[in-house]
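Each of two forms of one protein chain follows alone as structure tokens, named structure 1 and structure 2.
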Structure 1
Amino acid sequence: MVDKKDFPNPEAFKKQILEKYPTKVARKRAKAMVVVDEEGSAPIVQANVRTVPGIITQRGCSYAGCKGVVLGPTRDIINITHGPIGCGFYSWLTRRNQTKPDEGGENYMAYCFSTDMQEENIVFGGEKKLREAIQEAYDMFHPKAISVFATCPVGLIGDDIHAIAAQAKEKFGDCNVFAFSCEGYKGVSQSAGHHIANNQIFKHVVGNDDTVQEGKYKINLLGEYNIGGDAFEIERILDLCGISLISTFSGNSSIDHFANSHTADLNTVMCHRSINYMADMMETKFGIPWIKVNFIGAEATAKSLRKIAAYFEDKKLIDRVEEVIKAELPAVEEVISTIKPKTEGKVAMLFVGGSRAHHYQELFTEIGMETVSAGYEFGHRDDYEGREVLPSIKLDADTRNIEELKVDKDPERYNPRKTPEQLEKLSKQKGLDFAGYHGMSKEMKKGSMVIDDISQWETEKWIEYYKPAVFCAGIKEKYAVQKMGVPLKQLHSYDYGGPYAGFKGAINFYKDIERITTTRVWSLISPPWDYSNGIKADLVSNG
């Protein structure tokens, strides 16, 4: 076991890192690396701005955020990538979104559909090919929905994918067809694609089916993508509590669930970054309030369940939730008691996503580990500092180019689930923070380093500085960090493990972190002849 170290003030080290950069880059990056100087407060951090060209970044593109992240997990839409073959190919099954269709139900997730644009389609336009591709997909599979995703060249050559989709929808009659202008150059990261995905699903799907489902406590779960089966575990817990899940955006989802989602009485938001637009728009149009939840971490899961129960103000549900928590926690605590002695005091670094860098700190805390530095790949300032900073965020050109849907109350279906007085009361008495998210930074300890859009250079330097027991990021970072002798836990793909959500997921995570930080393989890196010569390999990690 390694005792938690006291790190010297990181500001001096930050300066050293910045010295490597050309002046303009240094000035820009300085604003993206900030120290939490007081617990409970959030320093201003530069976020959601362009990555400097030439910087090796973790970030991807708008298409990845739209097709890959938000729409990828939905099993019964035929997702056609309109573009050259690459984009469709790389987003083919690579995100580990699990799904469980009904017996014989539609599931296209193992398929990759593309228009595979050729040079002549770029020169003369790709509309004809797209139209034919949609027709072929319809004729072969008769799906209930087809969606089209634009890649970079599509926007440039001006293919009108929305008109083509609308015409196809009208022609087929029994198949919803819609399109996403999620060209890779839009915005500054995947985040733009999330927003575009939210808009189009809201416009073309949400509210299409008014059937009222059975169930007393009806919620939607927004921003949960069922990586490694997370959604299955959350579904299990909600089911035990008697809470009805109308839809999940979009883990283990069907387009039918989205269509019906406006009949739920509460929206719970997991990944604020990727789905907050949907929560806001559904509140405006249908009157469904939303709260932030977090099912990553056993304590966080319990807390989130209690929030949901408090919202419905029904003693039966409140009691049931307590029973479930009481039944689930002993197994969690038992594992913590065996693992914590081995992990306590170790330090973690988290650079991932737009919510995971926040959520996973809970799990580390539960086994006594501290997150000394964290940041998002594509978060915005509100994900760091809380939604209260939203009015003060200046919109730059990159953000302004992403459509902001104008949403009004639905004339017939707007139905505020609670009166303003009730909301006020729940907020005051039960601490329900409606449409609120306080961000990551306030939960970090004094002296922690918050870094947005960390670069490869910064990653290596900060690892030298913190010598963490574990570094959490994605596949592109994994092997470079591990070559430094530091285990890297992938928090996009979970290293093909999981689930990590809920109570059972927490146990999986504790065990995986114990394993990865204590495995003896790290002691095998230096060959014996290095020792016999009296030279010990200069490893970065001492975790």
Structure 2
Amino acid sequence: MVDKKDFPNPEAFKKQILEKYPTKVARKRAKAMVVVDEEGSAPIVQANVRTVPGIITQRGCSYAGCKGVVLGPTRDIINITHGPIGCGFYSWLTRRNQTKPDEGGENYMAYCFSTDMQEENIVFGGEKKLREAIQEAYDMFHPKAISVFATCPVGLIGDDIHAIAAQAKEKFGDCNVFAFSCEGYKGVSQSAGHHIANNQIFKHVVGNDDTVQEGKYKINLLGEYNIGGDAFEIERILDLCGISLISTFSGNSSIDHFANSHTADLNTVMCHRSINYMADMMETKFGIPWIKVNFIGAEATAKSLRKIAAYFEDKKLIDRVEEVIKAELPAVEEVISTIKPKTEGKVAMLFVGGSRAHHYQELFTEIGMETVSAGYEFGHRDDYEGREVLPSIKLDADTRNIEELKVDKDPERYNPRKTPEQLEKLSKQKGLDFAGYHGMSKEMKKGSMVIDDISQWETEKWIEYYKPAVFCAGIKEKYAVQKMGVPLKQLHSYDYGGPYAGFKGAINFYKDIERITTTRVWSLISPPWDYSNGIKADLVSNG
């Protein structure tokens, strides 16, 4: 028996949800919940605006996006959190990023570096403590690079972390030291931290090593963070195809890879939101074009490999890619044939950051499941509607709070990999959409509900409406959703699963979803609020 059913009128149910909000809040949230009227169209979604105070949100802060997402997976940079130790928890490895250091290479990802600011540092300033922390890290480890991340108190008291970093870099000579003004209050979500991370890595690291690596087909993979070993699987496939991976931003990454990334001939972008800034800046300065790819899903992986091969216009590579796809797909198809009868017709809901709420719909489709509702934690309108809406997006105060780098062509190293005529030909004949992304909404079915920055209240009500076989989100939502008797698949750090990228990763995901959606344990769960009276209290007036 399948779970899929007709959902008569999501707009009517949306009104029921909004009735519980104050008028002003309801008006704002209504713009963030939209129904796809027609497949292939993209309704206007309110996105990248501040969460309403008091609403329980999925979002993280700017510091989490900068340190936790973009810099966290880089193994040989010592990342120092300048702030109280509470923030310092996120300077440890929390997202199951994996890495494999080169022989003799360093791996600092298992360490937690923090200045552990105390009250006296907040009052009198923390610059002295930061200098001591940088010096201690250098003396103990002699790393190639040290980075400093500002947390909220640092921005409020005015510690000049950039000056301190520059002084340390000059003093050490053999260690690149740079800083990130990624205070948690900057921007509306962790998306601001991604942008800040892109800027500083581009400014201080990219282009520092002009060594030309071996390989005929050289690419960078942007926006892949090696959760559960995803990057390892992608690297395996690229190796089989004979494609040289110069750098990944930033799964299984090294500062040396970042420094040398400008020597690649093509940038491929996985998570559009977190890294599109880097792709644009590298194209402007060094002439490297970029295309959007997706290695989540077997068919999506095959399509992305073909796009890369088409770009290089080499029959040998095109044939090799087809051989790899032909060799990998039978195992995938065999598992699908076993699992699909058990999952077909079931429905899923996805509310995950970055492009995951989009990409993972591919995997569900491959086993016959339908995504009836999806949204991002920290998406912008172009992540939903496509990059063609960028000129129409108005800059607000929060966006202006983030530095926009002025990037020009490098006078010596700007080298367009393709002429405008070649790019146009590839676009027309091979369908390569350079510097383009169509967004998530256009690929969702008519009647699907798209929700940006979903709240806990909305989560509970939409689960009651759709009764999904599986809900995909993060760790903060996991246990509240499961208490409702609905399995939640964590797609930020995969719980203890993965990899889910590439061909073998797809097989892992199919099996995990089959186990989750067919077990009877969820039907035996009763939420505690159904049988517990809770705590009662009376309001007593002192008047």
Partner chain sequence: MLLRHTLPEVKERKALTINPAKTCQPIGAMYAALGIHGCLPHSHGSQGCCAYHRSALTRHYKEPVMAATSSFTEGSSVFGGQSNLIQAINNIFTIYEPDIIAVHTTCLSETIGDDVDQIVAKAKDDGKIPEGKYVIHASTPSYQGSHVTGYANMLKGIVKGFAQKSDIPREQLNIIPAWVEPADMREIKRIANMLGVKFVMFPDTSDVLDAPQTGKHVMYPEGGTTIAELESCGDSSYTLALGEWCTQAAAQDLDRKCKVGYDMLDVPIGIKATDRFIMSLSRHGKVEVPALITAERGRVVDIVTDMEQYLHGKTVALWGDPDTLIPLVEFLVDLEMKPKYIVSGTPGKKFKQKLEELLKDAVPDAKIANGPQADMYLMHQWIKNEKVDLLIGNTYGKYIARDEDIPFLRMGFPILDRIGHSYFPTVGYTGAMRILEKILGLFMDRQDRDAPEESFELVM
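For clarity, a rigid core is taken as the largest C-alpha set superposing within 1.5 Å between two forms. Quick caveat: nothing in here was measured; it's all calculated off a predicted structure. Residues are numbered by position in structure 1's sequence, first residue being 1.
Comparing the two isolated copies of the chain, the second one is the form predicted alone. The Cα shift for Phe13 between the two structures, taken after rigid core superposition, is smaller than 2 angstroms. Once both forms are fitted on their core, the CA shift for Thr23 between the two structures remains under 2 Å.
The Cα position of Ser523 changes by 4.3 Å between the two structures once both are aligned on the rigid core.
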